[in-house]
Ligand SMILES: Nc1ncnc2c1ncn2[C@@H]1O[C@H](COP(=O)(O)OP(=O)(O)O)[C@@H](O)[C@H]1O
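Heads up, the chain below is alone and in the form predicted alone; it's given as structure tokens.
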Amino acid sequence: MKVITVGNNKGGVGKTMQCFQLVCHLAHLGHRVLAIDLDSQANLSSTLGVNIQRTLIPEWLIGDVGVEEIVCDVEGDHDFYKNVKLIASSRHMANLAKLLILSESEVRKNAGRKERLLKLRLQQIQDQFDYVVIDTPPMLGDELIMSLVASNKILIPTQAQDYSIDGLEELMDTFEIIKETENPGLEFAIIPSMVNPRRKIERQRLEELSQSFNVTPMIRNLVDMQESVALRKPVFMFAKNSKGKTDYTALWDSLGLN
């Protein structure tokens, strides 16, 4: 089972969009996919047709409930959705930090450190899925740290703009610490996201990114992307001349996910 986190400590960079596209792409290839929504905004959950009043993810992480109590089917008319299961989020995710503090002694006994909780839970279900795709909130909190410890790879959507690029430094520092202390096999790829290649400043920032990091093919800022989420229709189902479909095909090729 491979675990892929889509994360960035800056919001508005297209994380949930890329999670949705990746989940659908892998399921369409016939893989058994578990999508985990760790963001209290629950955008991935709603995009997959699931809205719940109260998530039990915090209780699952500390071991109070089993995974069978939180995994659900997704809603969709297409056959590939049968290959997808979801652990949905809600505003209750905002209570995770508080619950971890209250359960500190139990966490230490079972996992050693709270950062290892998600990895421990996923190890218990590793035979049930081929891929796990995790959407994380836009901050360097417990959710993202636990995801980094549990993952094989982190995909980092990044806009070709100064503030977004500056925010990468803190995330990459955290990545290196996790890689050194908890997860030596962790890999990353930076995905230029929501790019307008006509703008000279964005082309310059992309060049700067590519000189410092492992950068994938870009995902352009296209109407296709907005329609994809609004219609809950992944871009691989769009017409052959769809620019969004072209962009994501190149991205999956570069990541070896085709």
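The first residue of the shown sequence is 1; numbering continues from there. Remember, predicted model here, so these are calculated numbers, not experimental data.
What comes next is about the form predicted together with this ligand, which does not appear here.
Checked against this ligand in the model of the complex, the candidates Leu222, Ile70, Ile62, Ala189 yield a single residue with a heavy atom inside 4.5 Å, and that residue is Leu222. Residue-level contacts in the model of the complex: of Leu206, Leu29, Met194, Ile52, one residue has a heavy atom within 4.5 Å of this ligand, and it is Met194. In the model of the complex, no heavy atom of His25 sits within 4.5 Å of this ligand. In the model of the complex, this ligand stays beyond 4.5 Å of every heavy atom belonging to Asn214. Put simply, Val13 is close to this ligand in the model of the complex: some heavy atom of it is within 4.5 Å.
Proximity of Val235 to this ligand in the model of the complex: non-hydrogen atoms within 4.5 Å are absent; the residue sits far from the partner.
With this ligand omitted here, the record of contacts in the model of the complex names 225-233 of 198-206, 225-233, 30-38, 52-60, defined by a heavy atom within 4.5 Å.
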